[in-house]
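One chain comes next, on its own, written out as structure tokens in the form predicted alone.
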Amino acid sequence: MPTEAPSDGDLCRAFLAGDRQAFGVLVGRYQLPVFAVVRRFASTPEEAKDLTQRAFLQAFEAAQRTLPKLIATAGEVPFKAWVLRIAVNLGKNQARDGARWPLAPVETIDETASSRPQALEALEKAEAEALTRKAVERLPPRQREVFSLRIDAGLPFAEVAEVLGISEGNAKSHFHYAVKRLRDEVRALSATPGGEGP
């Protein structure tokens, strides 16, 4: 009979009791959502990997003093919300410190592609992604955070609200306005030569 995977709370308690591997299990469990969130703030995938590592390192360093408080909360231990909050804060700091999205990741296109249509398709896709990234970058900070947690990390609105310390209704409202604004921004950037916008 396969045994049930330990809960976040079980892993947090095991880590506090001295089982360092328990924290590694938590890292493996939430590495992809954290990466997806910080990717919105990083200029390259490598930078996003670095931010992901920094988020877990920060969580590890704070674990001895923070996990007991998380465990003391009623219900399920909110480890996921805690580590995603760390990731969002690191991402915001990264963006504030001057990191910028590339206009178009042309270097990702293989210039030795065997057929021209494939290269053209790859270029169009890269340009569309660059426009979307630029549009996301222009969102107000709270809308950007909500959008990233909802789309990139795949969190339900209740968890988005928990991560950001806002109400669920507030999270839904920010998401609604973020999507509306993104549509307008992408449309405006697409109509401007070079996608620079005003």
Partner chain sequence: MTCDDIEGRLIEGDSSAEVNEHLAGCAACRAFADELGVLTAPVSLSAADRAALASLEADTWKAWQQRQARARPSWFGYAAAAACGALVASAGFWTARPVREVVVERVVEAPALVAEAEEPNLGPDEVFFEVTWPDFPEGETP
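Each form is matched to the other, and the largest set of C-alpha atoms that superpose within 1.5 Å is called the rigid core. Bear in mind that the values here come from a model prediction, so they are computed numbers and not experimental data. Positions refer to the first chain, counted from 1.
One more form of this protein, predicted in complex with the partner chain, exists but is not displayed; see below.
Is residue 182 a contact residue for the partner chain in the predicted bound form, using a 4.5 Å heavy atom cut-off?
Yes, residue 182 is a contact residue.
Report yes if any heavy atom of residue 70 sits within 4.5 Å of a heavy atom of the partner chain in the predicted bound form; otherwise report no.
Residue 70 lies outside the contact set for the partner chain.
Quick check on residue 189: any heavy atom within 4.5 Å of the partner chain in the predicted bound form?
Contact with the partner chain, no.
If you check in the predicted bound form, is residue 172 within 4.5 Å of the partner chain, heavy atoms only?
Residue 172 belongs to the contact set for the partner chain.
Has each of 15, 57 and 60 got a heavy atom lying within 4.5 angstroms of the partner chain in the predicted bound form?
Yes, the whole trio is in contact, each within 4.5 Å by some heavy atom.
Just to make sure I understand: among 131-160, which residues lie within 4.5 Å of the partner chain in the predicted bound form, judging by heavy atoms?
132, 133, 147, 150, 151, 152, 157 sit within 4.5 Å of the partner.
If we fit on the core, is the Cα of residue 45 displaced 2 Å or more between this form and the one not shown?
Yes, the C-alpha moves 2 Å or more.
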